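Next up: just one chain, as structure tokens, the form predicted alone.
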Amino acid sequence: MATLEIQVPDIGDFDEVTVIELLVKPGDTVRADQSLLTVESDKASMEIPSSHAGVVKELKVALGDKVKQGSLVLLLEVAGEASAPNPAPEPVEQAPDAAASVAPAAAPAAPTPVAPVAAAAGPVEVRVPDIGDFKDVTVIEVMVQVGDSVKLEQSLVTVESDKASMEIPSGAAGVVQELKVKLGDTVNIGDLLLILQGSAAVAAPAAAVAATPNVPADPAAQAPAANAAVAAPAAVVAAPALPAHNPTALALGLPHASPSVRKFARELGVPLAEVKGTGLKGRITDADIESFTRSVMSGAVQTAAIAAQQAAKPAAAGGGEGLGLIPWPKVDFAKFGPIERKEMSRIKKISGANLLRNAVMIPAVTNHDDADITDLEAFRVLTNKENEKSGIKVTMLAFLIKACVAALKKFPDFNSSLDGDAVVYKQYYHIGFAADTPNGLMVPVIKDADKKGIFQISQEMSELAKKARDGKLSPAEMSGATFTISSLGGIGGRYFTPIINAPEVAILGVCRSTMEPVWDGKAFQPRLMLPLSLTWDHRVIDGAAAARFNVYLAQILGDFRRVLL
């Protein structure tokens, strides 16, 4: 096996184009004319073919590299060939034939020439310029409409062959008077694209002049186009039956999108391979990029994917395959010692799926803080002592619910939900509280907590918690929450990161309060401090708002009279 250098052939008047996709990797077997990589300029994207068949030994370019004619692309192991660079003179030797084949095809289709320099005051016909050896290319995007003002060299339409897509620029400036092509039309050199009401000088490129029958063909002008035609024979050769890359691998497939759409997607960080195109032949448009971005921000795309995965593989929930992770380890635990196997309860299965979705889908951030509840705890103890005969025991959680309602009113973002690309602000305050039951975690909801007092909230909490333990909670008693509190106060701990209960955008976690020395400016004083852990959805809430929410909540708990303000 000899080693051959594969270089970038003559790609026309393009210099320093960017490598945007690698279609092969070391070890792949490639055929002559098979595409190796995709490059992109500001006006076109194209695939670079291999001049020989062989096995890829080493890649010499990476994504993002700049290449031009003669740049080394890869080393190819070729059977029975001498080790030598890819010969560059070959396209030049064939240039006259290629030029001859291009010019006759263009001549009949361009009866009306565009003058090289003219003061365009009346209607101007804008035609397809010399685009190399591409015939019957398809119009896959029309970028202007009747009435639009266009500038010289502004892109008008995007056309596509089986190997490349390119934007056709305007040869004149003016206002679009009439469109002569539509989506799906096939065009060639010299075909009429549109009619402009000209308002500026027309500057026809040399390539366009060479394609015009009434202007003598200049061999010097034809040579670059001819070289490009010979260097890219794959444009008129049937596509290979089997690509070298894996067609099921998203990273290696070339999504159908124009260069301008690719640039737009890169600016937003959108993976084109995951976008479904709505244009002609599945073409991705700017609107598709915007729609995909909105779907990701709202969580709709990922939620649908996870739901489909769970429906298709209910037994493999949590396996991670649907998220692109390696499979969950399969272990025979019994070989290490005695085991006992118990099936998860129905509640844990349901809550587990929801928790996984929320943990994966929501860009969650947690703020930790402390609230001084020394005076509030003293008041609570006194209240329970004075109302001992009522049978209602007031807990710190009841005060927390009222305090959270006050904070939600002051910071309405925390009492909202995402709905597509809109935020829904709720005018009601339903507070959920996590209840630990023998069967798993359940979240009863105190409805209209803003309209209820501490005693009524305490009583409802007691009743709902008992129903939860007995497994008698109705769906209505667990739905509609706008904000949730998860309290570990009766168990212990210091801080934790609670998982947001979608479609809510925040959740408050509290742990057991402890006596701590707090500096009052003169001396350390023993104060009862309550740890607060606020988790919030960064799509709706920013860090400054979350910090203010926590500070305000701590102020209310420190002096509950603020609830009245």
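The first residue of the shown sequence is 1; numbering continues from there. Because the structure is a prediction, the values reported are computed rather than measured.
Omitted from view is the form predicted together with oxidized coenzyme A (CAO), to which the following refers.
A.B. asks: Of 447, 380, 135, 357, which residue is found within 4.5 angstroms of oxidized coenzyme A (CAO) in the predicted complex when only non-hydrogen atoms are counted?
C.D. replies: Result of the distance check: 380.
A.B. asks: May I ask you to choose, among 500, 37, 44, 530, the residue with a heavy atom within 4.5 Å of oxidized coenzyme A (CAO) in the predicted complex?
C.D. replies: Of the candidates 500, 37, 44, 530, 530 is the one lying within 4.5 Å of oxidized coenzyme A (CAO) in the predicted complex.
A.B. asks: Does the trio 430, 505 and 550 actually contact oxidized coenzyme A (CAO) in the predicted complex, every residue with a heavy atom within 4.5 Å?
C.D. replies: No.
A.B. asks: Within 4.5 Å of oxidized coenzyme A (CAO) in the predicted complex, counting heavy atoms only, one of 430 to 438, 174 to 182, 416 to 424, 147 to 155 shows up; tell me which.
C.D. replies: Partner-contacting stretch among the options: 430 to 438.
A.B. asks: Is residue 56 close to oxidized coenzyme A (CAO) in the predicted complex, meaning a heavy atom pair under 4.5 Å apart or at it?
C.D. replies: Residue 56 lies outside the contact set for oxidized coenzyme A (CAO).
A.B. asks: Does any heavy atom of residue 489 come within 4.5 Å of a heavy atom of oxidized coenzyme A (CAO) in the predicted complex?
C.D. replies: Yes, residue 489 lies within 4.5 Å of oxidized coenzyme A (CAO) in the predicted complex.
A.B. asks: Give a yes/no on whether residue 395 approaches oxidized coenzyme A (CAO) to within 4.5 Å in the predicted complex, heavy atoms considered.
C.D. replies: Residue 395: yes, in contact with oxidized coenzyme A (CAO) in the predicted complex.
A.B. asks: Residue-level contact is defined here as any heavy atom of the residue lying within 4.5 Å of oxidized coenzyme A (CAO) in the predicted complex; does residue 465 satisfy this criterion?
C.D. replies: Contact check for residue 465: yes, within 4.5 Å of oxidized coenzyme A (CAO) in the predicted complex.
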